[in-house]
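Below sits a lone chain in C-alpha cells, taken as the form predicted alone.
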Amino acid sequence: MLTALTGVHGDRADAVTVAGRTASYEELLGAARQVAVDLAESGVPAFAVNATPTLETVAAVVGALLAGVPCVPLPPDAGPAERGRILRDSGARTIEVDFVRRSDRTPDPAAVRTPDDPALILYTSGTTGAPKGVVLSSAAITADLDALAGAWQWSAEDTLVHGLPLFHVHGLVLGVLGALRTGSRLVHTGRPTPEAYAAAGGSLYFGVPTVWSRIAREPQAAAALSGARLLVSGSAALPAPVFRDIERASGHRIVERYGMTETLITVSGRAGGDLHPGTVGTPLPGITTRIAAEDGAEIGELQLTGPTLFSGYLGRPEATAAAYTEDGWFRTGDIAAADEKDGVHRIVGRASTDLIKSGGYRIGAGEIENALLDHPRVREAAVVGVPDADLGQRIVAFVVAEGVTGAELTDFVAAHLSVHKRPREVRFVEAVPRNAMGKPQKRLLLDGAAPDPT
C-alpha cells in the first residue's frame, strides 16, 4: 500500500508537509518504524491514534500498517463518552508517538498478515445510532486507490493539497495513504482555509463542499487554483452554484465522486471527462452498481458490489448481514439515478431523510436544494419531508437567507422545477447544522426553526 516508502520514486526532502512541518520519506519511514517497534513490544490488538493534523498522526497510521496492527483513528474533538465507547468497542490502546524517535528496523508482524486482514477500523458518524466500527482491509484500500489513480490520472508528478480531517476516508485514506501509494507530494494545510489552499501551489486539490463554498466566496483564492490540474469534491453533494463559481474563477470544473466508509470511493468523474454539476460520474473499474427503483420510478436505492467494500462491522455480524441484499449487493441507503445512455450517476440523498414521497411523487431533496441555492439571496438550504395527512409528506425547506420571503422562494423553485417539487413550507434558520465533513444533519433542523411569518 505504501509504495512511495519503498524508494521506488526516490526520496524527497519535502515529501510530506502537515500544518507547516515537513518530512522526507526517509524521516517518515524512520518514525513509522519506531511506532511499529513499540506496537510489537506492547502486543496490543489494535492501535488508537488521536488523529490530529500532524506528522505524528501520519507516522502512527503508517507504523500500524507496518506492524500489521489495525489502526483506529480517533476524532480529536471527541468527547470522553464517544472516545471511551470507541476504545471499548475496538479494544484499541493508545501509544505515545514522537516523530523525533526513529528506528531503522521493522519488526515482523505478531501474526502472519494477508491483504484481507484488517488495516483500518473507521467509526461511522452515528447519525442513525451508536457509531459502528467499519473494518477495512489493505486489499480494499489498495484496490480503491489504484482505481482512483487511473480515474484522476494521479501520479508521482502531482502535489496533493488538502486540509481535511485525518479520521475519515476522504482525508486519511485518499488524502494520506493515496499520496503514499501514488508517490505524489502531500501538503496538508492544517486547516482548509481559502488562503492556505491558494498559497499551496498544488496540482491536485481535495475538498468538501464547505471548503469549496468558502473558496468560491473569495474569487482571488479560487483564481489562484487556475494552475492546478484537478479539483476534487466529495463527502457531500456540491451545490451547483459553487461548481459554477469555481469554474468562473479558476477555469476548472470540479470532479465529484461518491463513496461511503463501508465502500470507499466507488463512483467518480474522470480527469478530462465531461463534468456537470450534480453528477458524480460513473463506476470505477471493478465496481458494479444498480438502482433498486420501484416500477416506473427514476430514482431508487443505489446498490453495488466490488473489491473496495469493507470486511464488515466490527463485532456486529447481524448488522453486516443486514447491509446486504439477499443476492449479495451492498445497500448504500442512498437514493440515486443513472443516465441510461452514459451511466453517469446522480445522488439524490439518503433514503432516510432525502427521499420524499409527496402526493404520489417520489422526490429527491437534493434537486430542490440546488434550485434554492440558485437564488442569489440563499446561502444555505436543506430540504426534508415531514408527515402530512393529505400528501403523505410535505416538502419543507430550511434556508439561510436574507431579503426574501418564503413565498418568493416557493415560486422560484416552482419556476425552475416541476410544480409538485416546490416547498410547501419555508423555515428560516441561522445555519444548517453539519458534521465534520460538511454533511447536513437534517434531523437537528426539525427543532427550533422559525417558520416564515408570511
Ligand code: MLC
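Remember, predicted model here, so these are calculated numbers, not experimental data. Note that residue numbering begins at 1 and tracks the sequence as displayed. Note that the rigid core is defined as the largest set of C-alphas that superpose within 1.5 Å between two forms.
One more form of this protein exists, namely the form predicted in complex with the ligand; it is left out here, but the text below deals with it.
Problem - Non-hydrogen atom within 4.5 angstroms of the ligand in the predicted complex for each of 118, 179 and 181 - result: No.
Handout entry: Proximity to the ligand in the predicted complex, single hit among 92, 160, 208, 336 (heavy atom within 4.5 Å)
Key = Checking each option against the ligand in the predicted complex, the one that comes within 4.5 Å is 208.
Exercise for the section: Just give me the single entry in 175, 192, 364, 202 that has a non-hydrogen atom within 4.5 angstroms of the ligand in the predicted complex. Expected result: Answer to the contact question: 192.
Problem - Contact stretch among 209 to 217, 284 to 292, 375 to 383, 244 to 252 - heavy atom within 4.5 Å of the ligand in the predicted complex - result: Residues of 209 to 217 come within 4.5 Å of the partner.
Problem - Any non-hydrogen atom of residue 411 within 4.5 angstroms of the ligand in the predicted complex - result: So residue 411 counts as contacting the ligand.
Problem - residue 164 within 4.5 Å of the ligand in the predicted complex, heavy atoms - result: Yes, residue 164 lies within 4.5 Å of the ligand in the predicted complex.
Practice task
Would you check, heavy atoms only and a 4.5 Å threshold, whether residue 259 touches the ligand in the predicted complex?
Solution key: Yes, residue 259 is a contact residue.
Handout entry: Distance check, residue 357 to the ligand in the predicted complex, heavy atom within 4.5 Å
Key = Looking in the predicted complex, residue contacts with the ligand include residue 357, since a heavy atom lies within 4.5 Å.
Practice task
Within 4.5 Å of the ligand in the predicted complex, which residues of 309 to 342 have a heavy atom? Give them in sequence order, or say none.
Solution key: Residues within 4.5 Å: none.
Exercise for the section: Please say whether, between this form and the one not shown, the C-alpha of residue 426 moves by 2 Å or more once the core is aligned. Expected result: It does, since the residue 426 C-alpha is displaced 2 Å or more between this form and the one not shown after the core fit.
Problem - Post core alignment: residue 31 C-alpha displaced by 2 Å or more between this form and the one not shown - result: Stays below the 2 Å threshold, so no.
Handout entry: Large Cα shift (2 Å or above) at residue 395 between this form and the one not shown, core-fitted
Key = Yes; that C-alpha moves by at least 2 Å between this form and the one not shown.
Problem - Cα distance between residue 233 and residue 421, which in the predicted complex differs by 3 Å or more from this form, closer or farther - result: Nearer in the predicted complex, by 3 Å or more.
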